[in-house]
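Okay, so here's just one chain, in structure tokens, the form predicted alone.
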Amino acid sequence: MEKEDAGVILELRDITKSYDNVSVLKGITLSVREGDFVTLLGSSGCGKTTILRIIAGLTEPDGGQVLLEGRDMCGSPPEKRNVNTVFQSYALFPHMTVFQNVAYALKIRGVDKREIERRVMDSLAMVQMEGSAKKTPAMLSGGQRQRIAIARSLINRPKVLLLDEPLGALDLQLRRQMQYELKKLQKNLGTTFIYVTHDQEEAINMSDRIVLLRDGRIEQQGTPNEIYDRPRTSYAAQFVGSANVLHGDAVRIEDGRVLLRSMNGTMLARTDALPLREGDALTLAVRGENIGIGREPKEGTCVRGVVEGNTFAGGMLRIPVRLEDGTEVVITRQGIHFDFAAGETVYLDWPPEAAVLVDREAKP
């Protein structure tokens, strides 16, 4: 491995895959550092599970390389790759005890009985399930079965653990609890996790790095903070955190800010060193929690619209406001209190640092 790749345990180079002449992966290149929790995030059909299957050796790519610790694994069967997979279905043997389920992989390899017992109990201790060794899967809750599936996958100490929407079958409260436990377990073990989900909240809560996929390509990758605070495209802004996307023409650029004008009013955004000129047609993204609302226009910048109502869910109030060009802007607030009535004309504003320009290339 080249010196600049120190710490990289897994690398995908220009991976392509098609099914029935339909391109599913269109040149995926990705590096994963040892000990990282990396989430492949995207909607159904974007290619995230296909990437996981290619890493596991369950599917062969049409082109490209899968490098594990610098060695190309393309063509190697799954059992020759030091990776393991946890599926949403758990795939536990119902007629076996917890101990027997976790021990199965060691038993078929002919590992000594006493070594099997030691390693199984160590793995169960990792997931705090050592007291359930004699139970069958039917006697366990969904969260407990998930822990057993993880213990079984960790029994051979894989270099990389692949997790394909493993919490998808759990109810919301248990799912959030398991997010915390999985992240804690991953940090304690130091094992590299590659996690697949379509849930942006889950990705933000658990990941060291998020890889956002769209139509077989990587849309953006970075830390949760980078993806949330500095989306590069309108798709990324709306998929992660449901940002509002607005359009306008640049009329003034100075001090790291750009003033945009549209039929809705005037707006400010930070420039982030992008190459801009007055007259450019621009797109900005701003999140609902950062938008102020009032009955009078603020001097300088604001846009006008009409309140359409409000909805309350999960401790969050959502207030849709229809702008003059028909664009809907959604404001969010904690709690249930709101002073504005449906049909009322309001003025919206936000600090320039809260709005980011999207759909433009940064300077090289």
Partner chain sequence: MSGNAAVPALPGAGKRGGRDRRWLCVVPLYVFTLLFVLGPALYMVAISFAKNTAGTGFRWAFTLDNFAKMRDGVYVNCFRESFRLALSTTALNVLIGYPYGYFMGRLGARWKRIMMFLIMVPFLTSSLIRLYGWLILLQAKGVLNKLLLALGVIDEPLKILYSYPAVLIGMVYALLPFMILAVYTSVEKMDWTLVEAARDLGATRAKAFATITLRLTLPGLMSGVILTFVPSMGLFFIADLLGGNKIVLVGSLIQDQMTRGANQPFAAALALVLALMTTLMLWLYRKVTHTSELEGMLL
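Whichever C-alpha set is largest while still superposing within 1.5 Å between the two forms counts as the rigid core. Residue numbers count along the first chain shown, from 1. As the structure is a prediction and not an experimental result, all values here were calculated from the model.
Here the subject shifts to the form predicted in complex with its partner chain, a form of this protein not shown in this document.
Visitor: Quick check: do A56, A91 and A105 each get a heavy atom within 4.5 Å of its partner chain in the predicted complex?
Guide: Judged in the predicted complex, A56, A91 and A105 all sit within 4.5 Å of its partner chain.
Visitor: Of these, A273, C74, A281, M96, which has a heavy atom no more than 4.5 Å from its partner chain in the predicted complex?
Guide: So the residue touching its partner chain in the predicted complex, by this definition, is M96.
Visitor: Have a look at R152, R232, R145, R287 for me and say which one sits with a heavy atom within 4.5 Å of its partner chain in the predicted complex.
Guide: Looking at R152, R232, R145, R287 one by one, just R152 meets the 4.5 Å heavy-atom criterion.
Visitor: A203 versus its partner chain, in the predicted complex: is there a non-hydrogen atom within 4.5 Å?
Guide: Looking in the predicted complex, residue contacts with its partner chain do not include A203, since no heavy atom lies within 4.5 Å.
Visitor: In the predicted complex, does E254 come within 4.5 Å of its partner chain, counting heavy atoms only?
Guide: Result no; E254 lies far from its partner chain in the predicted complex.
Visitor: Answer yes if any heavy atom of F87 is within 4.5 Å of a heavy atom of its partner chain in the predicted complex; otherwise answer no.
Guide: Yes, contact at 4.5 Å.
Visitor: Give a yes/no on whether V83 approaches its partner chain to within 4.5 Å in the predicted complex, heavy atoms considered.
Guide: Flag for V83 set to yes.
Visitor: Given the stretches 56-64, 39-47, 305-313, 329-337, which is the single one in contact with its partner chain in the predicted complex, using a heavy atom cutoff of 4.5 Å?
Guide: Residues of 56-64 come within 4.5 Å of the partner.
Visitor: Given a core-based superposition, decide whether the C-alpha of V98 shifts by 2 Å or more between the shown form and the other one.
Guide: V98 C-alpha, core-superposed: shift of 2 Å or more.
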